[in-house]
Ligand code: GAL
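One chain follows as structure tokens, the form predicted on its own.
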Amino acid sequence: MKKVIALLLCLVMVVSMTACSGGKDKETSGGSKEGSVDVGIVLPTKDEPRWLQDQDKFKSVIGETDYSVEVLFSQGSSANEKTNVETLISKGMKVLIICADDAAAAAASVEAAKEAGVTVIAYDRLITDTKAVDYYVTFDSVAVGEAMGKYLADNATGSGNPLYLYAGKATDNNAFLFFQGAWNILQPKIADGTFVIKNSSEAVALQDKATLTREQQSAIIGQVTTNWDFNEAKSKAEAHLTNVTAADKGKVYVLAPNDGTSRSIADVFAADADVSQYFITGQDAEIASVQYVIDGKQSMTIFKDTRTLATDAMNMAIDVINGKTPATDTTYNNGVIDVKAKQTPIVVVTKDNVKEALIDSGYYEASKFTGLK
């Protein structure tokens, strides 16, 4: 009887251990031991196509390595973000690649990682107000904004052209960099009368200033923020067009901060009978927006090749694990330190070069689009 009881106890223990161990996380790839993580990746949300595209590119890159990688999404919550980082620390993470939802709030998460001996790589969005960031992998965000501003300026003729400004999330440092770049190009054209701002009293009050302080940018962004949200962008655009006269419409120029908000804003402007033509910016080359560009509903987008960005970030992490110093080509000040950074080039995409930039480069398959020439 004692042998039977002992055997039963052993079986119970085996079943219990199997239930606790679980399987490999669906977003875990690589060749290290089950449950361990060499590189932890934390992205802001699954709800925007951009980050799902980044996830796919990450997985394709990391699948060719011998390192284990786990991708977690924070779903727009700094609390979730911190929990995700703590989860990855508990799994022995050596390098953290993190795209912060809130640039300042993420400081607590990366400081916890640094205390655990983890090397921190800020991905696409710089984390501010902390020393706990080792590297930054990014596109040149100021150059993105300048490309947007240049597109609008290049397509403007005469004077008095209505200009509508929109911005990203006020807690995202990139929103400031994008706006800074756009302002660099647009402000001289506002000053000489080419453009007239129609939807921001804060921007009008500062229109004579070629360079804006962080506080001045914040005042404008706070007034025209979309929070990277489709619905908020739509509501703001509707309110702006309701609050102006027909004379403030006609042929208009719209600075939209990314593809998702661009589509929402474009739909609003297209539906207004007093808008005869609109030029609108975007970025990220999302599939839906590329189709909008082909159809003439969105004027342009900025192609930021996430294959290159993900590869740069992963190679940087591998260098760190192997005891090497990653290659960098510039620095970004995050309010406390100058963070060593590596930048990736950008490409302006219009209807004229969609095929060359996105299909011929292998980024997308032509079958994803209709009307492509």
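Keep in mind that this is a model prediction, so the values were computed, not measured. From 1 onward, residues are counted along the sequence shown.
FYI, the form predicted together with the named molecule isn't displayed, but the following is about it.
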| property | result |
| --- | --- |
| Answer range among 212-220, 121-129, 287-295, 106-114 for contact with the named molecule, defined in the model of the complex as heavy atoms within 4.5 Å | 121-129 |
| Close approach of residue 67 to the named molecule in the model of the complex, 4.5 Å, heavy atom | no |
| Any non-hydrogen atom of residue 51 within 4.5 angstroms of the named molecule in the model of the complex | yes |
| Residue 283 within 4.5 Å of the named molecule in the model of the complex, heavy atoms | yes |
| Residue 304, heavy atom within 4.5 angstroms of the named molecule in the model of the complex | yes |
| Option touching the named molecule, based on a heavy atom within 4.5 Å in the model of the complex, out of 135, 278, 228, 176 | 228 |
| Residues from 256-281 in contact with the named molecule (non-hydrogen atom within 4.5 Å) in the model of the complex | 258 |
